[in-house]
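Just one chain follows, in the form predicted on its own, and it is written as C-alpha cells.
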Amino acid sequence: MVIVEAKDLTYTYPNAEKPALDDVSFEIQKGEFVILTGPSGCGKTSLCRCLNGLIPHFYQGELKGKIVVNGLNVVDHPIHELAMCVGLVFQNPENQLFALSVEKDVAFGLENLGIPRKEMRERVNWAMETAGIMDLAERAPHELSGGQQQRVAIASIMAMNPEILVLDEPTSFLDPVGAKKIFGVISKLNESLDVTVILIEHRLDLVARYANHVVVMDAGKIILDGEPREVLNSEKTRMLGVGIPKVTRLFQLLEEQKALHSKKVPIMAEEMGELVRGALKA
C-alpha cells in the first residue's frame, strides 16, 4: 500500500533563484523504513516540509506537481489535519520541548486535540514506555541530556499515533552511543507498530542496518531510489560524497583488488566479518 506519493513535485522558496525541489517523483510503501540522504542543501528538509504541509501552507513560494500523504492531497488539507497522520521530529529537540515536565510535554499534543483524560493518560504512558523514558516523567526537559531530550520529542509525537514518522537528522547533536539508542527506539516503532519511518540522516554506518529503502538527493532532484545495498554500493552515491557505511567502502576496495567477492553487499560490520572469515577458510 502506497502511503506517500509525489509526482513531478517542484517547489521554489520566495525570492529564490532556483527550485529547492526539482521535478521530484517517488513512492513510499506503508511500514517502510526510509533513509533520505544526500549532500547539504540538496532539498531533503524541503521535501520533509512538504509531507506535513509546512510547504505550502506555512512556507509560501511556488509549488507545482502533486504530493499525497496517507490519501490526503497536501495542497488541499491544512497543517493541523496532516499532523494527525504525519509526525515531525526536529533536528534540535529543544525546538519541541517547552513544558515544565517530560510528562506534560508528551501530553501537550493530545491536550490540544481534546483527547479524553483517561485515553490521554494511557497514550502518554504508552509513548513514554515505548521511548524508554518512563523514569523521566517528572523531570524538567532542560535538565536532560541531548539523547534523553530527543527520546522525549519522539514520545510526544508517538502519543499522537501518527501513521508516518518523519525525523530530520535527529542524532546530529549526539555522540555515536546516544545516536545508536535513538535509532533503536525508531526501529522498534517501525517493526512493532508498522509505523512508516522517513529519516533524514548522514550517519549511514549506524542506521543502514534498519532501512529497507534509501533515497539519495542532489540539487533538488532524486538521484537514486531503491533497496539499501544496491543504492549504497552505487558509484554515483559515493561520488556525491554521501557517507556510505565504511564496511561497504572496504568491501568495494577489496573487491576491486579481487581479494573478496559476494553477491550480498555488506552494510553492517557483522556481515563484513562473516565474509572475511569465509574468505580465510576458503
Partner chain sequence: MSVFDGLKFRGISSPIHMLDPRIKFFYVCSIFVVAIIFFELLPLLVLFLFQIPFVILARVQKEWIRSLRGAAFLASIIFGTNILFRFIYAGYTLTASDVEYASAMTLRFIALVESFSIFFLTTSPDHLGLALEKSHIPYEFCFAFTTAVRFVPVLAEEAQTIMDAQKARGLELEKGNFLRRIRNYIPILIPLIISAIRRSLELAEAMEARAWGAIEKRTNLYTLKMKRNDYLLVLVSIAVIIVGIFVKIYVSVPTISNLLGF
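Positions refer to the first chain, counted from 1. Just so we're clear, the structure is a prediction, and the values are computed from it rather than from any experiment.
The form predicted together with its partner chain exists for this protein as well; it is not shown, and the discussion that follows is about that form.
Kindly indicate whether 126, 145 and 186 are, all three, within 4.5 angstroms of its partner chain in the model of the complex, using heavy atoms.
No, none of 126, 145 and 186 comes within 4.5 Å of its partner chain in the model of the complex.
Select from the listed residues 83, 133, 165, 200 the one whose heavy atoms reach within 4.5 Å of its partner chain in the model of the complex.
It is 83.
Want to guess which of 23-31, 237-245, 44-52, 223-231 is within 4.5 Å of its partner chain in the model of the complex, heavy atoms only?
Checking each option against the 4.5 Å cut-off leaves 44-52.
Decide whether residue 96 counts as a contact residue for its partner chain in the model of the complex under a heavy atom distance cut-off of 4.5 Å.
Yes, residue 96 lies within 4.5 Å of its partner chain in the model of the complex.
Hey, in the model of the complex, is residue 178 touching its partner chain, heavy atoms inside 4.5 Å?
It does not: once its partner chain is placed as it appears in the model of the complex, residue 178 has no heavy atom within 4.5 Å of it.
Check residue 171 for me: does it contact its partner chain in the model of the complex (non-hydrogen atoms, 4.5 angstroms)?
No.
Answer for residue 205 alone: is it within 4.5 Å of its partner chain in the model of the complex, judged on heavy atom distances?
No, residue 205 sits far enough from its partner chain in the model of the complex that none of its heavy atoms falls within 4.5 Å.
Using a 4.5 Å cut-off on heavy atoms, what residues in 51-79 are near its partner chain in the model of the complex?
Those in contact are 52, 54, 58, 59, 79.
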